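First, one chain by itself in structure tokens, the form predicted alone.
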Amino acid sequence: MATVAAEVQAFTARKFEKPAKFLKFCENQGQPLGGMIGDKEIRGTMNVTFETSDPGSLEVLATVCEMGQAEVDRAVQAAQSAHAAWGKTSVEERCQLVMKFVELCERDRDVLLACEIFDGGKVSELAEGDFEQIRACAEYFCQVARKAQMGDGPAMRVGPGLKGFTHREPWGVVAGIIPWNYPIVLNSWFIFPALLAGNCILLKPAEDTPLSSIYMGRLAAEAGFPAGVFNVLPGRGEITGQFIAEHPGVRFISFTGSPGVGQSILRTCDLHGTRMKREMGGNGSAIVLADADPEVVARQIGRYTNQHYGQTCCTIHRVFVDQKIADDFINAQRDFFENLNIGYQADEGTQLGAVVNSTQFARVQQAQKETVARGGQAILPGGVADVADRHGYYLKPALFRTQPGVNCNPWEVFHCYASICPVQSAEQALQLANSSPYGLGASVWTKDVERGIELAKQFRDGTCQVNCHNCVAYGLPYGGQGISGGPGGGVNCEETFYDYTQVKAIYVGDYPA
């Protein structure tokens, strides 16, 4: 069994150099990168720029123009004008343009990988897996769009001389507010269902990782999307994002980010009736039953706790393990964490790189201290990590032991960080797992799969897993419960497509004699 356990490794980097085309894109002929409105690059009227940097070296990659209220107004107007024709475009024409866009992404694969690795701080193994989601997502939603029931539904007789039917249509102008941790993946999860449903889009990337979105905006123009269909608005959330949320011409917003920001945007949207779907993080849990092999499962859970250095929304931060195997599990988990290769994300063999920015750097350290203050027993205390010849936001993994009744990590931490709580029964573990206000992802680990399924169904989470974690499949919803998300179908399923549409009931009576 030890051999099997040793085969489970953390996501790992291969050596990756900046391609010339990426460097040319970032340089942009000595000018700041602008947004995309219509099919033109826009510098912005606020004359405000910001820098986007490599978190592992603090090297400035590019300067970016921040889009303000004037640019949001202009983008909404361009999208509204474009929607008159785009909303009537056939599904096949939309699919053809989407797949042309995918082909251009694949042509420039190394540029988009460089955006993820250098701007986002990802190791190549994870970035390459993320890139594959572009085609997979596009092909899935093309299939959904082809069979979707749009337009008029079947009529029904509702009374003497009175019939009724439904009419389903796109919202028109929709916005995606995308976080910094998975730009390519979350761009795809927004772009394809929104466009294929017949909407025109405003894509607002996080200010920490804008490069993927800006580059995709250029590829969309090259693919031939009509001007105004695909707009990109880089800027800070409190500036550009707020202007988008306040604009009554934006009919629907898809948001991924923190609960505080998401709830603030939701309140703003309510002022003028804009619909909003949201995914607002998690504090993922794992239950390990007594029949599980502690060494194998500890390494599996360690892999997912460290996925993108824990900067994944459904990362496992809370582990509830049967007390019979708790000591062996803790020893194996500590061994996995201690042997992670901390280094620069583009260097061969790196498994734990820098967190995305100085705010996260301080926030994670504070969380590590607060965990101890709340009663967590430090197995690995975390703290700052030194990486030779690199100046970045590097932190050590953190691992804590706790006990039932001690809620030492109530909030999402977003790092390679976990608490382990020995429990007396699966029922006790389930109660503790469900005590969180979050509800995005949870897993059960056991040789008794049927028992695992029975427990998984009782999680208060949108994604419930047995002997796996961080699972995503097109055709199955990925969404949250509690403060983690809602409403609608989350992402990746048929209901997601319909989230980007509105349905009306139309009644028709005979003309009065």
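These numbers were taken from a predicted model, which means no experiment stands behind them. The first residue of the sequence shown is number 1, and the count goes up from there.
Although it is not shown, the form predicted in complex with nicotinamide-adenine-dinucleotide (NAD) is what the next lines describe.
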Could you check which residue among 414, 101, 118, 336 gets a heavy atom within 4.5 Å of nicotinamide-adenine-dinucleotide (NAD) in the model of the complex?
414
Among the candidates 210, 441, 397, 281, the residue which, in the model of the complex, approaches nicotinamide-adenine-dinucleotide (NAD) to within 4.5 Å (heavy atoms)
281
Identify whether nicotinamide-adenine-dinucleotide (NAD) in the model of the complex is within 4.5 Å of every residue in the set 318, 407 and 420, based on non-hydrogen atoms.
no
Is residue 135 one of the residues lying within 4.5 Å of nicotinamide-adenine-dinucleotide (NAD) in the model of the complex, judged by heavy atom distances?
no
Using 4.5 Å between non-hydrogen atoms, is residue 431 touching nicotinamide-adenine-dinucleotide (NAD) in the model of the complex?
no
nicotinamide-adenine-dinucleotide (NAD) contact in the model of the complex: residue 252, any heavy atom under 4.5 Å:
no
According to a 4.5 angstroms non-hydrogen atom cut-off, is residue 351 in contact with nicotinamide-adenine-dinucleotide (NAD) in the model of the complex?
no
Would you point out which of 272-280, 387-395, 294-302, 85-93 contains residues with a non-hydrogen atom within 4.5 Å of nicotinamide-adenine-dinucleotide (NAD) in the model of the complex?
272-280
Applying a 4.5 angstroms cut-off on non-hydrogen atoms, the residues of 166-188 near nicotinamide-adenine-dinucleotide (NAD) in the model of the complex are 177, 178, 179, 180, 181, 186
